[in-house]
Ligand code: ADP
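Okay, so here's just one chain, in structure tokens, the form predicted alone.
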């Protein structure tokens, strides 16, 4: 079963990329207890290579050479302790071999390596998501040989790659009559159990039954047999998504997900749907259980596997789902697109737009179904992917009504940091005449929870949503209302609790008798505050900062500044609580310098409580020290 090829020339020894060395070491140790997945990964790679040849042969049928029947072959030799996985797919050139088997040419490699922790189950998931299935061969093999020739190249341009996975690999030119790739594993002594007919067939049926190409094995025959029997297909060799849903078992759906997503964990949910009529396509969408390490890299590969009339076209076709659903995995198979469609053409195709709209709604319906049917499982999903879903209302206004029920928040109802309350939960608890949904944004949950802006809401028993993700202000800027109620930032504009709160005349913030203090503060703080006014937000604090109706909040200002964009000029509104002893002390202060110091300290305290950075921390400390010394004398 070893590769038979004449002359090997132009051999050279090369070093693995540093990240590959780390990956190999971590993989062998992290995945040791789940070693059997090596076969799934190698067959998956063979399937991808065969898919690519079938697609390229549409435009260039000569690539099929004299062997048009595409298949994957698995063989073994128990005496030699070897397993071979072969395909007659697209194959690799010498340059392909060095690039694909010696390096990890993918953005985020360093981030991926640092994400590995040594925790076996977690690292196993990450390794699969990174898509480095070939290296899983070294979990069971002490040495791996690869024999390959790219379709269309002459037989003398075959390549032999070999490595023990320790740090170097060898590459040599060979003559190879067959196109495609053979991966030959020389098993470690403690892995020779896999060189067994029953074991291999069981693993193929378990992990690769859905592969659309036949996975062939020769049956074991007695030594005295007159002739070797023909190979037979171990798998069903029918694309899973083309089968009726009633004929597909749940375990088959789970294994197909692991095949296309390179994930070692089961999906949370899936949706298999066939559309017939004006447009004809089949989709199979999966909801992963865990976020990939590169979820926040907007340039990372994402999207669905695209097939046209069951012919593989491309991986990561991101035109079929919006960016905020980039975690969805799956397949779309269209009967209406051209076989020679490109990424550029997909962006201009009305059929693609229609499928994208339908798949987006289907994905959101999956999530809403999960939220209704299994709140605990949905909470797990939200903890992993919630921040991405928050991009939805801005990116997809058309589906805001579907996205809003999916959002989860922390609120003053529980005062717990876990974001597990929906907008529907909020409405169930709102006061009878309450006509707004109130929220506050801050840099952290603690800052939001302890904000002085919440004092009057706590006093009156009104729930407030507590937001602390950097994206939250952007989210709320696009999610204007829910179920007819406006969402309102408690720091913005003058406080209006609506018809739900009757106010007596004594409750109204009245600047009349306090106007001299307001005017004096306004003059003193004119460089720092847009205006000064008496507040009815506060019951315990002396002062707070409020935003104008159209002012940009601190979260968005920092995001713009960090991205190098110009931040619009604006000053906060300084609001004072005239019932507070500090404010009363300030009103009675006759010394102008001491008044200025007290005003600045009060403003700086309000800034800190609002999560802002002080413009001049040194001055704040000096003023505070002067005032403390005066009090002590």
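Residue numbers count along the first chain shown, from 1. Because the structure is predicted, anything quoted here is derived from the model rather than measured.
Heads up, the form predicted in complex with adenosine-5'-diphosphate (ADP) isn't pictured, but that's what we're talking about next.
Contact with adenosine-5'-diphosphate (ADP), judged by heavy atoms within 4.5 Å in the predicted bound form, is confined among 44-52, 59-67, 598-606, 567-575 to 44-52. When adenosine-5'-diphosphate (ADP) is considered in the predicted bound form, only one residue from 165, 303, 133, 553 comes within 4.5 Å through any heavy atom, namely 133. A heavy atom within 4.5 Å of adenosine-5'-diphosphate (ADP) in the predicted bound form is found for exactly one of 537, 262, 73, 210: 262. For the chain shown alone, residue 330 is not a contact residue for adenosine-5'-diphosphate (ADP) in the predicted bound form, no non-hydrogen atom being within 4.5 angstroms. With a 4.5 Å cutoff on heavy atoms, residue 100 counts as touching adenosine-5'-diphosphate (ADP) in the predicted bound form. Residue contact with adenosine-5'-diphosphate (ADP) in the predicted bound form: residue 195 places no heavy atom within 4.5 Å of it. Mapping the unseen interface onto this chain, residue 406 falls outside it, with no heavy atom inside 4.5 Å of adenosine-5'-diphosphate (ADP) in the predicted bound form.
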